[in-house]
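Just one chain is shown here, as structure tokens, and it is the form predicted alone.
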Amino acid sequence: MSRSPSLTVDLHMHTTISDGRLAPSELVDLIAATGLDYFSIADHDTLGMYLQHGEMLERFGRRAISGVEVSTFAQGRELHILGYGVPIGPATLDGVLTDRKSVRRERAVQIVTKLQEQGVRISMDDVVRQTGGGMIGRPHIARALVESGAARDISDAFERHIGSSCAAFVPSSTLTPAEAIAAINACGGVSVLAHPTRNAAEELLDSLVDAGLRGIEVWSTSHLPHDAARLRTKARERNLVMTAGTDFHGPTEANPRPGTSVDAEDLQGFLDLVLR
């Protein structure tokens, strides 16, 4: 039995508008050089890429799919819901994305304060230097911890200092997954659970499906091959569309470029929804 043709896609990337390391123009240039069949820039809690720099994406036509990654919190854990194919406008997802920049800054202040109380030598100035003027995210705090010598690398910073099980953790949102899913679906978007293996988000899959979730990120750099195989089965059992993304924040030794190869057949359901 022959396999379907493969597509090279990345439906989960970030710019400096949230916590990525590449400016919008730099990421767009890299996307063009990589030659992705389909892609989405899904910055955290903002559509700023599309509102401020939408003209950069016009040359890609339907290959560029609008996206956003919405931060939510439920049952003591942070979950991220991706929204694809959402209409672009200042009122899109109004109430869900409202003033997220100030909320994330306040969260960062709380995290830094907790770290200082634990004896970690770090300041908000250290964190802000990592942002490039964009929205503050935990990766910026992690980079500041590495720069200060308080952590060996980004993974170590999350594992020992700012991960969800650490004393300095502060959730980025009081928004529930159900609220984010409802808002994305209501504006015509496609709601997708991001990196389900993180924070045991997969455990809540059935309740998210009951809330209207339409898809699941099956292929991710967060997933081992057996994770992807299990999630692919769950997607088919629950009639969810499948997506793929690297959660690209910038070039690394392991992932110098965005993009992952996936059977076209597995992505067809998602493409049918967002390109209709």
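None of these values were measured; they are calculated from a predicted model. All residue numbers are counted from 1 along the displayed sequence.
Below: the form predicted in complex with ligand AMP, not depicted.
Taken together, the three residues H80, R104 and P139 all come within 4.5 Å of ligand AMP in the predicted complex, as judged by their closest heavy atom. Comment: 152-160 is the region of 126-134, 86-94, 152-160, 178-186 lying near ligand AMP in the predicted complex, near meaning a non-hydrogen atom within 4.5 Å. In the predicted complex, D19 approaches ligand AMP with a heavy atom inside 4.5 Å. A residue is said to contact a partner when one of its heavy atoms sits within 4.5 Å of a partner heavy atom; H249 meets this definition for ligand AMP in the predicted complex. Interface residue remark: R198 is counted as part of the site for ligand AMP in the predicted complex, having a heavy atom within 4.5 Å. Residue contact check for H44: one or more of its heavy atoms lie within 4.5 Å of ligand AMP in the predicted complex.
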